[in-house]
Structures are given as structure tokens and as C-alpha cells.
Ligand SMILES: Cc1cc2nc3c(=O)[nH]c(=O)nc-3n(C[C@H](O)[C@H](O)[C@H](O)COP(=O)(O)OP(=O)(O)OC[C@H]3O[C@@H](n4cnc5c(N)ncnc54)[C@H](O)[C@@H]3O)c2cc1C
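Presented below, as C-alpha cells, is a lone chain in the form predicted alone.
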């Protein structure tokens, strides 16, 4: 298990150009112009943090650069842990429940496995899902400000400690504690000093399709192990929209673009104009990378918290956001030990899953056909995969089995 640093002490001396008090448009007014908690970024990690801090009694201001709802490049598949930790009613958000999986190896050797009546994944549109999470945070008492482009942070030891959040074209916002959830390239991760040792690029489009094509994919996802080492592709059905994408190492960007174009062609979608067609980077934190600096905590993508193999990040964002929000509320109330406790909680909850993901990714990069054969040919493996996706088991738990450890060690040797 890696040692995850808590960063420097909570009250480092910083410049003292404290801005004047400012009005608050949040349900809970900031005391003397200082919020207990400011959360930067209103994705799943940020909304989860804001909700948790507000429920703990803190005055919370949630800052978001875009106007909501907004499009987010993401497959939109909720695994069981995401469903369990979302904390919102998903009945009106789910565009499809998945109980079938088609697996292929660079377009060939395709096989479809079924679990009738036992869904593994729930499909959502991220714009709708994120909006529901923000609404839940606001219902808990958090305030929301959109169109806020954060440009920097600085800490001050005056007035029992304070973080000043600077915004382009607007007044500074002050908080006793800040939670950074502004994504892989946001200001907060840079401020804390997050280091990442795996950087991937994802290319994705959302394609409107006919009812005939939609019916062909209803209840079924496609996973294709790609020709680029460590890459794979997906098709996620959401009613009359198919979300199609590929992901792999940023170093192989050119090859991934070719893989994506070939995938779209193979699926018969080359003549369909996508509603959205975009790319994004995912960064996986390096062992020992800090999660806290002074009174600033980071969660979700801003902290590089996601699965290194699947690059699934929503469940990591929801869980780390909640832990960050709870820690921020405790620290704002004077329990500064919560700042150092937060990285230890993340290590205990998410560390084993990320370590396991690194191990599986090492196997996948070298021998993708092994994972393909396991899912398609070995009895019981598909059922185990379903239980892992549902959240009833974990990869980390399976890798602790002696037989599995011997196999993975032999493959990666």
C-alpha cells in the first residue's frame, strides 16, 4: 500500500491582502464574508462534497465554471458503487439498464453473454446526472455560483485561517476550507501538487440512431479490447443515443484516433452526425501524491482518483467527494486533524481498488487476449465480472486469492 501524504500543516503563513466582505447568494450566509467550505467544481465529486459538508452543518458555496446543465465527455455508465453512493433518485435519469455484454478483440472474436433480469450497469446522461447531484447539494443547504472561472488560491493565517479563491472578472471568495473538484487540469490539483503517473486520452461521440438500431443495442454494451496496448472501446446504449468511445495512453494519441475512426465505421455510424464529439484526458495519481495542502483538499479527477484499468471515475468521485466534504466541515468547525485524516481515509477506502486496477492494467497492456479469453471461455468468470460491476465483489478481493496472484505474476514477469 503506498503512503499518501497529507501535505503541509493547515495554517501556513501566506500574504495578507484579505479582500473586503462580500454578499452571499447561498442559503446559509457566510460568517463575516467567510464560508465554512468552498467547493470548486460541480461534477460528481464537487456536488457530493458540497452535500456532505452542508449536511454536517457547514455554510457551503459551490463554484462551477460552466452554466448548468452542461455536457460532459463520459460514457455515463453507473456501476453498482455509483448507484449506491449517488444519493439521488435515479428512476427518472436512467436511460437503460444493461444485462448483456458483447466482448470483442479488436473487432473480432465477438461473444455476447447475458444475465437476464440482473442488470449490471445503469446508463445516464451526465448532464442530467450531474444536475441531479447539484440539486441534492442545494437541497441540503449548499449555495451554487455558476460561470465562475477560478484562477488561483492562497492561504492566510489571519482570522483563524482562511483560503482566498480568486476568480476571473469577479470578487474573491473566502473559505475556512476548500475542496477542489475541478477536474484533471483544474487549479486546485496544481495548488496541492497532485502527481500522476498514467495519463490517458479518451475520444467519444454521442450518435443519434433510428429505433431499429437502438433496439439492436437495447440492454447491451460492447467492450472491445483495442489494437493499441492498454486501450479499449465501448458502446453504451441510451435509448435513441449510442455513446461510442475509445481510451488509451496519451502517448498513442494518433493510433487511438485511427482506432476510434475504425470503430465508428465498423458500427455503421460513419454517416451519422454526432450530437457531441469530443476528447478528454484522464490522469491517475502516482503513489505518494498529496491529497491535501494546508486547508485545501482535492477529490475525484482533481486528485487523480479513478480505476487505472477501466478508467471508471464516477464511483471514485462520489466517494472521495463525500469524504472530502465531511473532512472539510469538521476542519472548518475547528477539528483541524480532519485535514490529515482525509488522505488516510482515502487510502483505506480507495487505495486497494486503485492498486488492483494497476495490476490488471499491467496484465491488460501485455496480454489483452488473456482477459478476453477469461470473459468469453472460462466458466464462472463472466458471473464474477458481473458481481464486480454490481459492487458485490471487487478486483482487489479477487487478486488476494493465491491462484489469481500466481497467474498475474507470471503474465507480468
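Note that the coordinates shown come from a computational prediction; the quantities given were computed from them, not determined experimentally. Residue numbers count along the first chain shown, from 1.
The same protein also has a form predicted together with the named molecule, omitted here; what follows describes it.
A heavy atom within 4.5 Å of the named molecule in the model of the complex is found for exactly one of 339, 242, 233, 150: 150. For the residues 331, 323, 194, 314, the 4.5 Å heavy atom test against the named molecule in the model of the complex is passed only by 314. Using a 4.5 Å heavy atom cutoff, 70, 76 and 282 all lie near the named molecule in the model of the complex.
Contact annotation: residue 357 falls outside 4.5 Å of the named molecule in the model of the complex, judged by heavy atom distances. Contact check for residue 36: no non-hydrogen atom falls within 4.5 Å of the named molecule in the model of the complex. The named molecule in the model of the complex comes within 4.5 Å of no heavy atom belonging to residue 179. The closest non-hydrogen atom of residue 345 lies beyond 4.5 Å of the named molecule in the model of the complex. Heavy atoms within 4.5 Å of the named molecule in the model of the complex belong, among the stretches 93-101, 212-220, 180-188, 257-265, to residues of 180-188. Shown here without the named molecule, the chain has no residue in 349-383 lying with a heavy atom within 4.5 Å of that partner in the model of the complex.
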